[in-house]
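Here you get one chain, nothing else, as structure tokens; it is the form predicted on its own.
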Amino acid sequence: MPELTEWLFERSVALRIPLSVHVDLTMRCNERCIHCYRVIEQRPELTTQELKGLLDDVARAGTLYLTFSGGEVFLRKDLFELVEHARRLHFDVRLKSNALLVTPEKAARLRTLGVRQVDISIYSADPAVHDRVTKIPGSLERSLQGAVMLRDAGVTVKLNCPLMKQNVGQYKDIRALAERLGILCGFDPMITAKNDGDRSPIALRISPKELRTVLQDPTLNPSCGTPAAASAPDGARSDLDEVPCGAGHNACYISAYGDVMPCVAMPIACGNVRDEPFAEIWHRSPEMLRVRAIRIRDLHTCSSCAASPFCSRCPGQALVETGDLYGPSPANCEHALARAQVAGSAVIPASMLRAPTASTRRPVEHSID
């Protein structure tokens, strides 16, 4: 299966097929999470008919994997109509939700429609901690009830937990909770700036010491202690002609307002589906083409960084954090150093990380599963 996935990635990149598309159905949400990076704008969201037309367009473009997110997707009264339309087009559909609005009837409907997975955001097994993050009393209990309803209906469920100062000491409890419920679980140590550049959520990030503690837990990080692949004797990278990630190559993001971007983490508006067809934006937008032209050798710092074997550089995060699409993200540099230290091979000193200050390969989810 890994070989097939690798082949599919390479073929879709070579053929410029948007294999994976992430669509935000709404920016409205019934939680007010302290770390949220979404920015609500005073623009009308895409209508039911506009979204159906968009799904038709991305299907013709070759998309297979479709993620519906938000905001909270269950706030869309037409959610099931949209999911049904998507499944009719043979998309592999995944939803991201807080599950507060799930009922047994809704869960059964998703199972009937063949939704592959529902990802549910959980921040702690302790209601007091979780509810402080969401700012909604009783939200943990309701989210877990929704998760159980989905599980009992036969829908695959995954609890997703962003790790932050408020909950990093409780990740083992969340893992145990998921095991008791018989559902999947994942952790993400990357808290991002908001899409408008507001850096306030960054203050919630866990410390390097806390990150190393998480990475040293083999139940969360099976590759703990595994050295990175050996590099060339002269230290040169062998992947300089490869793409930095799949953003704009075989993946993209479409906002609830119709803006097409290379990735949900890369706020570069390449066009709007209300103004021109998706295919026109995907294949000919100057902004999309600029992102698509970048190769690892163009990354002025990352292409020669000693920590690159341990790095999961996010170009969108680099852009939001520093304004430089071609440079490193300070947070990714910090994570690379932690991974190098945990690997236990020749530990890379911080001085060898060519990290920028705040002023100045493949698509990966930063989650530790």
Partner chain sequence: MPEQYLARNSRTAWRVYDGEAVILLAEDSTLNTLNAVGTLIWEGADGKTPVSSLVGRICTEFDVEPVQAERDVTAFVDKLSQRGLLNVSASPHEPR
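Positions refer to the first chain, counted from 1. Keep in mind that this is a model prediction, so the values were computed, not measured.
Omitted here: the form predicted in complex with its partner chain. The next part is about that form.
A.B. asks: Only one of L101, I136, I202, L89 has a non-hydrogen atom within 4.5 angstroms of its partner chain in the predicted complex; which is it?
C.D. replies: Looking at L101, I136, I202, L89 one by one, just L89 meets the 4.5 Å heavy-atom criterion.
A.B. asks: Which one, C33, L325, L64, A343, lies within 4.5 Å of its partner chain in the predicted complex by heavy atoms?
C.D. replies: Of C33, L325, L64, A343, the residue with a heavy atom within 4.5 Å of its partner chain in the predicted complex is L64.
A.B. asks: May I ask you to state whether L25 is within 4.5 Å of its partner chain in the predicted complex, using heavy atom distances?
C.D. replies: Result no; L25 lies far from its partner chain in the predicted complex.
A.B. asks: So, in the predicted complex, is R116 in contact with its partner chain at a 4.5 angstroms heavy atom limit?
C.D. replies: Contact with its partner chain, yes.
A.B. asks: Decide whether L19 counts as a contact residue for its partner chain in the predicted complex under a heavy atom distance cut-off of 4.5 Å.
C.D. replies: Judged by the heavy-atom cut-off of 4.5 Å, L19 is in contact with its partner chain in the predicted complex.
A.B. asks: Check H283 for me: does it contact its partner chain in the predicted complex (non-hydrogen atoms, 4.5 angstroms)?
C.D. replies: Answer no; every heavy atom of H283 is more than 4.5 Å from its partner chain in the predicted complex.
A.B. asks: Of the listed stretches (90 to 98, 291 to 299, 190 to 198, 126 to 134), which one has a non-hydrogen atom within 4.5 Å of its partner chain in the predicted complex?
C.D. replies: Of the options, only 90 to 98 has residues within 4.5 Å of the partner.
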